[in-house]
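Form predicted alone, single chain, as C-alpha cells, below.
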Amino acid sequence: MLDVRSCASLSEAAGIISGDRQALLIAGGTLVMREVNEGRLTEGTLLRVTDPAFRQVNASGGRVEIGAGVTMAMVLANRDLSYLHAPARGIGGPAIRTMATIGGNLFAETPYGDFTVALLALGAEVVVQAGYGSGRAVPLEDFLAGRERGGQGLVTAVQFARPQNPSEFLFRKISRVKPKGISVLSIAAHLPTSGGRLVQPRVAYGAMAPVPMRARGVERALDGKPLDTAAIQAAKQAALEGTRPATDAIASDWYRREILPVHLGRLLAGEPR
C-alpha cells in the first residue's frame, strides 16, 4: 500500500529518500498521481515537502536559483524570468501550470519535459541532496544521463547563469494542438554574441532522443560565426547529428527528423511560429 508523509525540511525528505528506494517526492503530482490513478504505483511512500526553500526563486542576480517545487505558473508570474516564460507557457493549460513543477519536469519522459530542454540550453545544474548532508550541483546533462538509474538523491533546485541579454535565448515547441499539445519536438537555444559573432552557443532538443539532448553539431556549426544565412544553413545541415527520435502516438521518428531542420532554421532566423 501507499503511505503519505509530510516533511518540514528538505533535509528530512532527503534522508527518507536516501534510506528508502521506494519513496517518491510528490510536488504538483502531475506525474506521480497519474501513476497512482492508473494503478501502476501501488506501494511505497509519497513525500510532501512544506519547506519554504523548496519554492523559492532567486532570479535577480547573475546566478539564478529556482527551487524544485516552483510551479510553471510561478515562473510566468516572475518578471525576472521572462526569458523562461515561453517554455513555461508550453506546459499544459492553466490548471496544469499551477501544479507542474520545475523539479517534476526533470523526470518527465519523452515527449514531455520541454522546460528541461530550456534549462539544458542555459547550461543549468541540478542541486541534489543525499541524506542529511548539504546539496551538490550536478550538470543537468549528467543528471539526465543517470536519471533512469535513480539513487541520486532529492532534487532541491536548479541553478544557471542569468543570460546577459534575454533576447539571445530562444525557444520553440512544435505540437499538433496549440498551445498546450504534447510535443512533436522542442528546441531551445542560448546564443550569446560578442563583436557580432556567436560565442559558445548552446542548443538543446526535446523529443529527439530518450532524454533532452544537446545539439552539439549545431553548436559547432554556429560557434564563432555571425548568425547569418550561411551559419543557419550550416546549422540545419548538422541538425540531426546524434538524434534518436522515437515513433509514438504523436509523430513518427521519420517525421521528427524531417521537420527538425526546418524549425531549427526558422528559430535561428527569428521567423514567427
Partner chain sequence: MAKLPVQFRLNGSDRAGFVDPAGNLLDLLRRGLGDFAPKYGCGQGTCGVCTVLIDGEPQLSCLTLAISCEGRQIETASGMADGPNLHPLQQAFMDNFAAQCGFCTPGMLTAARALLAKNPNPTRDEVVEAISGNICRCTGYEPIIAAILAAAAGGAGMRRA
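From a predicted model like this one, the values you see are computed outputs, not experimental measurements. Residue numbers count along the first chain shown, from 1.
Keep in mind the form predicted together with the partner chain is missing from the figure; the text below concerns it.
This chain is drawn without the partner chain; in the model of the complex, the residue among R63, R34, R244, R216 with a heavy atom within 4.5 Å of it is R34. Between the partner chain and the residues A209, L46, A231, A238, the one pair within 4.5 Å by heavy atoms in the model of the complex involves L46. Partner contact region in the model of the complex: 92-100, out of 79-87, 152-160, 187-195, 92-100, criterion any non-hydrogen atom within 4.5 Å of the partner chain.
For I26, a non-hydrogen atom is located within 4.5 Å of the partner chain in the model of the complex, even though that partner is not displayed. Among heavy atoms of K180, some come within 4.5 Å of the partner chain in the model of the complex.
Of the heavy atoms in L2, some are within 4.5 Å of the partner chain in the model of the complex.
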